[in-house]
Each structure stands twice: as structure tokens, then as C-alpha cells.
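Coming up are structure 1 and structure 2: the same protein chain in two forms, each one given alone as C-alpha cells.
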Structure 1
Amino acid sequence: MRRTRSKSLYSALAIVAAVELLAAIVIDRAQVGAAAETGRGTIRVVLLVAAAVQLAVVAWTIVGASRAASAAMRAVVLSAQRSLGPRVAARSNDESEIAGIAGSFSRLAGELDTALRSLAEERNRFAAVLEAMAPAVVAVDDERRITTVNRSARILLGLADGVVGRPLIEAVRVPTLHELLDRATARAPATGEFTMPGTHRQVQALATPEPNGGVVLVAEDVTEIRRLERIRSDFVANVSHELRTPIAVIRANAETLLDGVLEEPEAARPFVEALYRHADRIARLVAELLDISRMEAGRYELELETVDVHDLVEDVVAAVTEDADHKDITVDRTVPEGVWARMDAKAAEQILFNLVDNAIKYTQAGGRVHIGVNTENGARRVEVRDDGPGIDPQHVARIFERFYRVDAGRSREMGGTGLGLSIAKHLAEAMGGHIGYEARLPRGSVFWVTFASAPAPRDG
């Protein structure tokens, strides 16, 4: 359309130029010629002709432009009619051209409005879905500026409000994440895992490149999954290790006996004793593992009754006296009679025995272990204090895990299975209580366990 108009304009200009050139030649000739008067007449005629030609060309151009415009308008009308269907097309034939165009425009505007509204609805729906998604989503453009973030991303990556439009590196300074973007822009998705700075949150991220050079990052918190994986693999490794040691001893001793020592009863005795000791250890380990698995499955039966904490403590102290005396450790207690609590007597004894036994094991010869009780918030809290080396803070969170050992070699040497505290924790919680550890200053440990307090039994 525009080309047609410019073409006619060019031809008009060309003609005007040709006529003016002709006039100039005539003027030139006239000046050279002798008859000036005749010359002037000729000039006038030529100028008139030129003016007329110019007028005609201008008129022609205008008509051409107007034709082009109406053609354009007709095209708009036609396209509007096509999109609005034949019913409107039939009516528009009766209306004047301008009115028809105006009608088409208003219909087009209406259509556009509907389309925009449905697009906005679509966009809002998409935004709501994105916002509600559990995985964190961050999109960046080709210059690594953030274009979209959802709620989970703001929480997981600690993004402040107003990060959209800012470079990602200013919001999250995690090198692994940026390496991921570099790898992803090589036209293939990339995954990686990193720890969020200043936290222990483990994050796994997937970066997918977009055709426009941007990248979409989808990230998830995998801290809990990694923790469970570690516990599971530690568990398998620990069970195998704990079983392997006594089995190796049993096999070696049995071999020695079979190789001839069996014939000399006196020499054989220590080997048989070791066999017995290690078989016993395996039996204990297996029994404890079964206990733990029953507790975890919730199939461990407890019989709750009202027990005097004083009696409980005395029973436990009686059981450890031999070991304590052997190391010259004083076990003293400040537990008055008549402190009643609800507990399964056997389970409570197992817990307390474990805590006191550990305290004696880890206290240096000549040291002191103290057992006390107090009542707070309707619970009886039994504390076992020792003045041993204490537990370094980095281990504290994990000491109640199965097989977790602060000092593996030393605790195994002392005959522990690595399950004691874990079982104690399960038992305490099954009775509705808690168990915990506190560092004792300047040195030593305090392990405590709580039981629900109970009124004195009527017949007691």
C-alpha cells in the first residue's frame, strides 16, 4: 500500500522535474535568441504548461493516496468481518464506509478486551499455582536477573522482598548455584546440591535452560532426607561392625580349641570363657535390636503403675555398687522417700541403670556420681550428675541416636552396644516423659529423665 503511494509520488516528481528542465532549456534558448519578445511569450506558455502539469500530478497523487487509504480501510473492515462472522458482514453492507469502519474498530477493541481479560485470568491462575508450589522456583533472564520467584523460594533461599529485577548473585551468594546456571545454559538441565550459608539446610536444585537464554531453577529442601539416609547407612554399618567383632573372636577361639587346645582343659578354659562372653554380647545386642524395633513399631507393651522414685533409685544403685566400688567411685543420692511417679518399673529401671552405668564408666577413678530428684511442672525429674570429661557440644545433638558414639573405640572397650541411650529415649517417651543432656560446668555431664508425677497410692 505504502509502496503504491510512493511509486506514484516518484513518477509525479519525475514528470515535474522533466517539465521544469524543458522550461529551463526553452528559457536558455530564448536568452540566446534575438527576438526577446517572442522568447518571453514562449516562456509564459511553457510556465503555464508546467503549472498545469504540476496541478494534475498533485491531484492524481491525492486520488491515488485516497484510494490506497480506502483499500486499507476495506481490508480492516474485511478482517473484522471475517473474525466476527457472516452475520455482521451482511449488515455492514448497508452502512456507510466510515460508520462500518468505526463499528469494526469497536468490535475489535471489544474482542481485544476479552482476550486480555482471559489472559490476565490465566496469568493469575498460573501465579497462584506457582506461589502455592512446595518446591522453590526462581527464574532468571539471560543476564542472570531474577524475573520470577515463588513463596517457597523466598523461604528456602532467604530472599528478601523486591528481589525481582535484581541480579541473582546479589540475592544468593552460593557458588554451586551459579555453577549450576553456567552448566544449564549449555542447553541441558543440570542438578546440584549445596548447604545454605549460615544454616544446616541442605538444598537440591535443578536448573533448566529456556530458549530465550534464561534459566528456571527448581529447588527443594533435602535436609531431612539426607539425615535419614545417613542414619540408615550408619545403622547398617554399625550393626555389621558390632556383630563382626565378637564373631571374629568366637571363630578364632573355636579354631584354637579345635587345633588341640581342647585336649588340655586348663589351657582351654580362657578360650571357652571368651567364647561365652562374646556370644553373650551378641545375644545382648540382638535382644536390644529387637527391643528397639518393637519400640519403633509401637509394639512394646508397658505397664504403668505408681512407683516411689526413692525405691527405683535404690534398686539401681544396688545394681551398680559392685562396679562403682571397683573404680572407687562414690554414688550418692538425695532422693527422699514418697516421691511418687507413673512409670513401668522395669523400663524405668532400665533407663536409670543405663544413665548411672554410663556415669560410672566415664568418671575417673575416685570420682563422684550424684543422683537427685525434683518436681517441676507436674513431672518428676531424676538427674544423674557426674564429673567425667563431659560431651563436646558438637556431639550433643546425636548422642541419643542408635550406635552414635562420641568415642567409638573407648565405649566399645567398655562393653557398650551403642544402643543404650537410644533405648532409654524410646522408653522414656513411651511413658510420656523426656530424656536429655546438659553440660555441667566447669566439667562433667548431667543426664536427666522425667516421669509423670502421681499422688501417693492409698494403701501406701
Structure 2
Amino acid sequence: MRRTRSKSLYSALAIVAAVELLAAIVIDRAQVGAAAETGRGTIRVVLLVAAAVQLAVVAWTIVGASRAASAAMRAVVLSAQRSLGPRVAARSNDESEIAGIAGSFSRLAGELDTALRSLAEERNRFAAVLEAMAPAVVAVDDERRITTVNRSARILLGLADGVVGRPLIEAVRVPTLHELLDRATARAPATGEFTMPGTHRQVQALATPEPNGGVVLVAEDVTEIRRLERIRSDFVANVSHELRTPIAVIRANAETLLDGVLEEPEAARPFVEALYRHADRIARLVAELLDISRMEAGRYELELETVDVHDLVEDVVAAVTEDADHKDITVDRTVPEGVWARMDAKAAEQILFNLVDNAIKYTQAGGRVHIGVNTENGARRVEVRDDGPGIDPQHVARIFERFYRVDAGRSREMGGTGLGLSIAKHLAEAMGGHIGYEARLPRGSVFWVTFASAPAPRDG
């Protein structure tokens, strides 16, 4: 279009210049050859002719340029129609290219506005999903600056507000995490696990590279999963160990009896007693494992009723008196009558017996065990206090786990299975209560269990 317009302009200018030159020559001759009135008339005619030619040339130039511009505009309209599709078809009765362009760009603006609204909705939806995700998500660019972070990441990694745009190494100082990102930038996903500084939280992370050189990090707190895996592993090992010892004793004694001792009643009796003792231990172990399994599956049936805590404590003390007297241990209690609680009497007695029995076992001869009760926050709290060696703080978090023993050798010597406290915890929680441990100063332990408080039952 520019070349055509330039050529037309150059041609018009050349013609105009020629006409002006011709007029100058005629004027010059008229001035030299005649001074009369006739000469003046000739000059006027020539000037009029020159002006007419100039006007014609200018008009011709304008028409040519207009046609070139019209062709260019028509090409723009057709290009816009091809880009936007059939929805932007030209109007059938409108021959104006300007109107066509205006309509096309108006429709283009509408399409762009719709696309922008759609993108905004998608962005808001993505942000909502990202914030609701349980795993932590952090995205960094090719310079390791944080571009995206969700709520879970701020909590798990301890990120402060306003971290977007900051280098990740300034926000999270965990070498293992940055090594993970280094491996991910090699265009292959990388996984790793690390411990958050200053905590015991185990974090498992997956780093995935992006085409633009950035990395998306997805992390999750696996502390509880690792704890359960450790408990499961310990459980299998402990069950195997607990069964191996009595089975080995039963097998050895049975072989001894079969080798001829069975024919000598006096000599055979100790072996038979050992068989019975270890078989009973296996039976108790299996029964307790089944109880725990039923409790965890919610199939352990409880019959809740209103019970006087005083009567419960008296029954337990009566059951442990022989063992306490054997070690010269004093068991006293300060539990008044009329302290009522909602519980399953049999389950509650099993819990309390376990706590008092353990206190007697681990208290030195001549020691003292005390049972008391108080009311707090609408619950009856029964406490068993002893003046034994207490429990080292490193063991406190695991004492209610299955088979966990603070002193494994001593526990086995006393005939325990390592399941008593675990069963007590399950029973207490099944009745809506809680169980726990506190250190007693200057020495000793305090185990406690809570039951829901209840009003005194009505007579009749």
C-alpha cells in the first residue's frame, strides 16, 4: 500500500511541476513579446488551465490513495474475521470497511473480556484447591525464589507470611530439602525425607521439575505414619519374643518328661508345674491380644452403669492384699463413700487392678501405695501413687504402647506380658475417660484414670 501511494504522489508532483514550468514559460514570453491587453488575457487563460490541471492531478492522487487504503482495510477485516471465526462475520448490508473493522475489534474485545473472566475464575478455583490441600505445596522459579505456597506449607515448614518472592533458602534452612531440589533440576523427579529442625516431625517430600526451570515441591508430615510403622515392627518382634520363651520351656520340659522323668512322679511334678505356668502365660497373652483387637475394632461390649468408686477401690485392694503383704508394702486409700461415676464395673476394676498391681511390683519392699479420688471438670479422677523408682522421661511417651517395657528383664521376671497398660488405656477410652502418668516428687509415680461423674442412683 505504501509503495502504490508513493508512486501516485511522485507522479502527481511531476505533472504539477511540468504544468508550473509551462505556465512560467508562457508568462515569460507574454511579458517579453507583448505589453498589451491581449497578453494579459493569455496569462489568465494559462493560469486557469494550470490550476485546473493541478486540481485534476490532486483529485486523481486522492482517489488512488483512498483505494489503496480501502484495500488495506478490507484485508485487516478479513484477517480479523479469519482469526475470530464465523461469529465475527461481516454485516451483509454494510459496505463500510471502517464499520467492519470497528465491529470486528468490538467483538474481539468481547472475546478477550470473556477469556479474561474465565482465566480469573480458573485462577481463583486453583487458589482455593491449593489452600484446601492437606499436603504442603511450594513452587520456586529457576532462581529458587518462592512463587507459590499454600497454607499447609506455611504450617509444616514454618513459613512466615510474605515469603512469596523470597529465596527458599532464606525461608527454610534444611540442607536435605535443598539437595532434593538440586536433584530435581536435573529434569527428573526426586524424593527424600528429612526432620524439621527443632522438632521431631518427619517430612517426606517430592520435588518435580518444571519446563521453565522451576521446581514444585510437595511435602507431607509422616511422623505419625513412621511411629505406627515402628509400633507395628516392635509388635511383631515382641509377640515373637513373648511366645518364643514359654514355647521353648514347654518343649524342653515335655522332652524331659518323655525321656523317662514322667515315670517318676516326684521328679516329674516340677516339670509339669512349669508346663502349666508357661501354658497359662501363653493363654493370658492370647486373651489380652484378642481383647485389644476387639477394642480397636469397636467390638468390645461395655455395660455402663452408676458405680460407687469407694466400692470399686475396696474390691481392688482386697485382690492385691496378698501380694502387698508378701513385700511388706502398705496399700492405703482415701476414697469416701458416695463418690459415683459412670463406668463398666468389670472394665474399671481391670484398669485399677492393673495400675495398683504395677505399683506394688515396682515399689521396693517396705514401700507405700496410695489410692485417692478427686473430682475435676465433671469427672472422677482416681490416682494410684507409689514411692518407687519412677519412670525415666524418655520412656513416658511410650508406656501405654503394646509390649513396651521400661525394664524388660525385670518385667518378664515378674510375669507381665507388657499389655496391661495398653489394655487399660483402651478400656478407659472406650468408656469415654482418659488415663495418664505424672512423675511424683521427689520420687515415685502417679498413674491416674478418669471416669464420667454421675449422680447417686435413686432407691427403688
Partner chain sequence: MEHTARTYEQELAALRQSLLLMAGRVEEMIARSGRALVDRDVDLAQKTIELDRVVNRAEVEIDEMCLLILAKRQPTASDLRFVTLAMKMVTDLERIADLAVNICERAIDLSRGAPVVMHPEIPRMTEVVESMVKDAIDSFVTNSSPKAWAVIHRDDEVDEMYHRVFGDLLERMRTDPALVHQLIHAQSVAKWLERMADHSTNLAELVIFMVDGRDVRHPGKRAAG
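Worth saying up front: this structure is predicted, and the values here are computed from it rather than measured. The first residue in the sequence of structure 1 is number 1, and each one after it adds one. For clarity, a rigid core is taken as the largest C-alpha set superposing within 1.5 Å between two forms.
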| item | value |
| --- | --- |
| Panel number for the form predicted together with its partner chain | 1 |
| Did T114 shift 2 Å or more between structures 1 and 2, C-alpha, core superposed | yes |
| Flag for V164, CA shift 2 Å or larger between structures 1 and 2 after aligning core | yes |
| Interdomain rotation angle between structures 1 and 2 - two rigid parts, degrees | 14 |
| Between structures 1 and 2, C-alpha offset at E220 (rigid core aligned, Å) | 2.7 |
